[in-house]
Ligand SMILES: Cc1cc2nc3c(=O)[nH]c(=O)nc-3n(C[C@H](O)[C@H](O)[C@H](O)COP(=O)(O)OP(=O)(O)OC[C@H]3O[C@@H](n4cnc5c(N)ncnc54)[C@H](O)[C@@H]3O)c2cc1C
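Just one chain follows, in the form predicted on its own, and it is written as structure tokens.
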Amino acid sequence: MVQSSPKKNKIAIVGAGPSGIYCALTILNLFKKNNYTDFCIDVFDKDEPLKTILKTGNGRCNITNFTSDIKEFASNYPRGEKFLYSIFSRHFIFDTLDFFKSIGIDTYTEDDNRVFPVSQSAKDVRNKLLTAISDFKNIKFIKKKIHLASELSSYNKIVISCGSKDSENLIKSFGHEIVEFKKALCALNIENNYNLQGVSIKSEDGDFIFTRKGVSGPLIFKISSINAYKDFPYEVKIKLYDENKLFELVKKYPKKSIGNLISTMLPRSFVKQHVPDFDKNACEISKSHLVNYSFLKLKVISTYSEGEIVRAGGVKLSDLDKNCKSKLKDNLWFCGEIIDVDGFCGGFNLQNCWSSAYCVAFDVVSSIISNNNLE
């Protein structure tokens, strides 16, 4: 049992991942600005703080995505898009980048709008966040897994910011329903493996790579996210190239083999398996066949653990208000991965963590200090 604190306002944050730490730091900074000290924060996690951030962005930490229009940004979430409009209107990418700059993290934006720390290091981001939090005295980290709501009965403000793994019982113990958790942003097993391990494809729809088990890469992660709740098996149709480019090649080189022409746009090893008429003269192939070759149909039989592995599902958004506060239980908030919001690769899932954590933090502080006085 955690020792009782003499402070009037006891705040529990369950989960020391990106959303939990961002929430804690925001609460601490808001209280500091308002010269309020009658509180304490206990952060619970069975693992070390921010352990999960170390793998983000392949170890570089893809902090956010520099897509400045809120609706366009929110369109990258298969689940939770409209819920995020209000969240992002109060704390968006510019606020996030200002926050990270304030703790010593300079960033840069790549051509595809992904934002990374200049240090190229998720470890650096972790260290700077924990250094910032170490400047405050009213916070304590407790290495413990919270299983049930009853374990937090001594706290008058509770924030649940843990990951989705093994969190169902905790959510339900507060009287909340969950949308079933499903793997998203992961690799896919396919029925007909092309035996092309390591061969990468730059298609019209996006980039992917063949693996020992099936297919992986950015396009596949997106497909797995969109289809997270589809029953297996299901079929995927990928546009490999613009067929008009092939029509032009056939017109220009009618006597060349169709396989050789398509190999100017795709890896030859793949084309040999994908095009049964590989050695035929291009002029002998019907237009309908040329169009068919521009598509790849895959039969997906399961997911497997490779990629970002975000989970779709979580606390039902209809049970939360615009501040991610529970409509079912007073003084309870949820943020980050635990709510039914998930996005594509590219910094979108971390931005949900930052923005939802900020809105929760502001509301927690507002419930303690009058909104009229809160700066």
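Throughout, we count residues from 1 along the sequence that is shown. Computed from a prediction, not measured in an experiment: that's the story for all the values here.
Not pictured, yet referred to below: the form predicted together with the ligand.
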query	finding
Proximity to the ligand in the predicted bound form (heavy atom, within 4.5 Å), stretch among 220-228, 260-268, 95-103, 161-169	161-169
Exercise: F348 in contact with the ligand in the predicted bound form, heavy atom 4.5 Å	yes
In the predicted bound form, D340 touching the ligand (heavy atom, 4.5 Å)	no
The ligand contact at V275 in the predicted bound form, heavy atom, 4.5 Å	no
Interface membership of G313, the ligand in the predicted bound form, 4.5 Å heavy atom rule	no
Contact assignment for the ligand in the predicted bound form, among S326, T67, T52, N29, heavy atom within 4.5 Å	T52
Interface residue in the predicted bound form among V365, C359, I11, V14, criterion: non-hydrogen atom within 4.5 angstroms of the ligand	V14
Those residues of 252-278 which, in the predicted bound form, come within 4.5 Å of the ligand by heavy atom	none
